[in-house]
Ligand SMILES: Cc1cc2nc3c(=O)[nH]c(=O)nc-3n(C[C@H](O)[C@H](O)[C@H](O)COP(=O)(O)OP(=O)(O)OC[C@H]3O[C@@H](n4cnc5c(N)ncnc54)[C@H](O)[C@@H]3O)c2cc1C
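Before any questions on how it binds or moves, here is one chain, the form predicted on its own, in structure tokens.
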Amino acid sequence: MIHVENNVSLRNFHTFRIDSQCKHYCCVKTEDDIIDVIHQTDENIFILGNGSNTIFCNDFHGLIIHNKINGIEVLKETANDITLKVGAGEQWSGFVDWCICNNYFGIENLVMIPGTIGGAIVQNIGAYGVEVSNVVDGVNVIDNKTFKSLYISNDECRFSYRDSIFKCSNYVITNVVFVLSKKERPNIRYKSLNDAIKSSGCNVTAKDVSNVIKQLRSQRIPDPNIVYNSGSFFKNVIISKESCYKLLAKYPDIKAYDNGDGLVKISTGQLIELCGLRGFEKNNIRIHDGNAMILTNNGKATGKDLTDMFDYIRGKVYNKFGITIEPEVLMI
């Protein structure tokens, strides 16, 4: 029988550290634990990883299931690649470091992204020209309505920019199957990474790429243990090329990147900066001085403070550019 706690503070379970609580909380370490606990409850449930991309703006009137399923297992190995099954509760960045140390390649550009394996899949995390969906074979889940174990293939995951089927399904991720290369082919096509690699003078190896990215991330994203934040709060904007041409005609300094399929990616951080909001502070929430994609909590913020700030920023960006920006984080 899984131990379920009542009226648990969530402040230390998400990196933005708003003081809220949940009605019930439990920790699970196996697939059987998950089945047992969802059999016991008819409440709304939320699966929690590290809370680095989730902000509890309000009390949660249901059951928080903290996924702590760990383990890394080799399923198959060839001369060219390796297939690994990894527990959803494993730390993502630790897994990346482990892969680099063992000469398994393909995710080194995603180093130092906080969160768990399960959270990485839900969010389809990406950075420096790589997305986690590039190396996922499939995902093992439990359907919390039927209690059946299922294997969801990569195509069935419906991965897209910072999105997947797992954001709006009954599935609880238990582990993920990755296929990684044993051939070292560093991806340094992303401009800021390429520039940093060239200026460093280092050899272009996976280890070097990961070290440079760690430096870049440290410069742009504050440590959430010191400055409470959830990393990039906003998604970048995806618009049509036609809309982009109209935008650039009025604001030629805006940086735009081809996103394929006739679409263009615009930096939301730059849009916020062009609204004059870098470093702006309102009711305990601040737009980070070094990176306008990040909102920080001075330790006293409430959920209302955050939603008010989000609405304020979104309004400013829309009024200036006619673009509606969306959060990357999940606000509950």
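These numbers were taken from a predicted model, which means no experiment stands behind them. Residue positions are given as counts along the sequence shown, with the first one as 1.
What comes next is about the form predicted together with the named molecule, which does not appear here.
This chain appears without its partner; in the model of the complex, the one residue of V135, L193, I221, I152 with a heavy atom within 4.5 Å of the named molecule is I221. Stretch 168-176 is the contacting one of 168-176, 94-102, 240-248, 70-78, since its residues have non-hydrogen atoms within 4.5 Å of the named molecule in the model of the complex.
Annotated contacts: N50, A127 and G231 all touch the named molecule in the model of the complex [non-hydrogen atom within 4.5 angstroms]. Under a 4.5 angstroms non-hydrogen atom cutoff, the named molecule in the model of the complex has I113 among its neighbouring residues. Within this chain, T54 lines the site of the named molecule in the model of the complex, having a heavy atom no more than 4.5 Å away. With a 4.5 Å cutoff on heavy atoms, R217 counts as touching the named molecule in the model of the complex. When contacts are judged by a 4.5 Å heavy atom cut-off, F46 counts as touching the named molecule in the model of the complex. Contacts between stretch 306-332 and the named molecule, counted in the model of the complex as any heavy atom lying within 4.5 Å, involve E328, L330, listed in sequence order.
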